[in-house]
Each structure stands twice: as structure tokens, then as C-alpha cells.
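The form predicted alone is given below as one chain in C-alpha cells.
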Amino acid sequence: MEKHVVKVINTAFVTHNVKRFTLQKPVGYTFISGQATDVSINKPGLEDELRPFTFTCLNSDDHLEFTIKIYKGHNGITEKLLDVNAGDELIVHEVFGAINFKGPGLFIAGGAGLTPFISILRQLKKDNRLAGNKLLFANHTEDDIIIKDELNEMLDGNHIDIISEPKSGKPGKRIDKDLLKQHLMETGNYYYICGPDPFVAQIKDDLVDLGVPKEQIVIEE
């Protein structure tokens, strides 16, 4: 199995429980926006504890970046990543993933499911191809929204936050069939879905029920 030990250049929190890791990039290491790799921590006993994370940088960048939600209370790998900071080492492996840009469409993300779309949208911005794309982004509260300002800057009114437990006291919203119906795209456009497995499965079923051809629905298979 291909693997590369890489030094952590910088870390920073982007929300209360999402941490960004900037790493050295191995020579010749390439990926397509939307793809991922298995990552482990280069410390005794953790080298073989692999977890998949999506690249949130661009392939053309001179570094690697991962934007990772930290789950506390399980003593899992993401919780151990809390203690990984600049100067520490991670191990990255082979690149994989089926979510990549096929054409303009509707991106539908649940929480940390945004991560494959971050690199895709950043690449589209660089290529001046953001027109015709829209993002529905579901979170529990406003504080959970990852890179909100950047999304607003990239997509303007085409970044729509769906908050299930808003702090304002307003009724919560979820991405359901009725909401999807309001945001159906033109014939031929794609629908990109990423998030928890039940979220992805339900939205895929709802889109099919609304008449979207299965071949225009892009998910991680």
C-alpha cells in the first residue's frame, strides 16, 4: 500500500468542532477535487489506525489540507487528532473516491459531508466555472456551518443554509422532498450528495421520486 509520512505545517479550528490540518505534500502526489485518502497518525500504536478524509485543498496547491470534524467522547481517531499540531506527522495513503465534478448542478451536504465539495467549489472558482451551481447545506445550528463566509463569497445567493435547530427561535428546517422540489435544477444538471449514510440514502430516494434520473445523482459508492 502506498503511504507517505508528512509533517503537519499548521492547524486551526474553523468551527467549534472542525479542525483544519495543513500538511506537506509528497512529491508527485495528485488527486482530483472530491477525492479522499486514508490518514493515520504517525505515533506508536496509531500508524495503522486508518480513517478516510477528503482533501479540501486543490491539486495545484503546494500543500495538502484536510478539514476534519472532531467527535469527542469516543476515544476515536478524530479525538486523537485534537492533540496533533504543527510539527507532528500524519501518514497519507492512496487516493480514492467517486465524487467528482461532472457538470453544473445542486450540491447537497449534511454537516461534515461538505468536505468533498470544498475542493470542488474552490477549483470551480479558480476556473471561473461556479455559475449554474447551488449548495444546500444542512446543519444543526448556525455555529456548525463550515467556512460560511467563503461559501457566501463563492456562491452568493446560491449558498442556502438549512438549520434544524436555529438559535433564533425560528422553526427548524430539514432537507426533505418538498424543499428539494423547490430547488430542482434544469434538465441535464447533476445532484451531488454527501453526508451521513441515512441522509444520503433518503435524499437520493427523494430525488428519484421527483423524477431525477439516477445517472445524474453523484454519491460516494
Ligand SMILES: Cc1cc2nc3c(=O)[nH]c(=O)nc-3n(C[C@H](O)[C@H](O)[C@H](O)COP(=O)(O)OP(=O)(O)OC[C@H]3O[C@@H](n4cnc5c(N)ncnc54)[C@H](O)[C@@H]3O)c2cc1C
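Note that the structure is predicted; figures quoted are calculated from it, not measured. The first residue of the shown sequence is 1; numbering continues from there.
FYI, the form predicted together with this ligand isn't displayed, but the following is about it.
Although the partner is absent from the chain shown here, T54, F96 and T115 each have a heavy atom within 4.5 Å of this ligand in the model of the complex.
Distance criterion of 4.5 Å from any heavy atom to this ligand in the model of the complex singles out I68 from the list L64, I68, I175, I193. The listed set L130, L106, I120, I77 contains one residue whose heavy atoms approach this ligand in the model of the complex to within 4.5 Å, identified as I77.
Residues within 4.5 angstroms of this ligand in the model of the complex, judged by any non-hydrogen atom, belong to 69-77 and to none of the other stretches in 137-145, 69-77, 85-93, 120-128.
Interface membership of I160, defined by any non-hydrogen atom within 4.5 Å of this ligand in the model of the complex, is ruled out.
Residue contact check for L180: none of its heavy atoms lie within 4.5 Å of this ligand in the model of the complex. In the model of the complex, this ligand lies within 4.5 Å of some heavy atom of A36.
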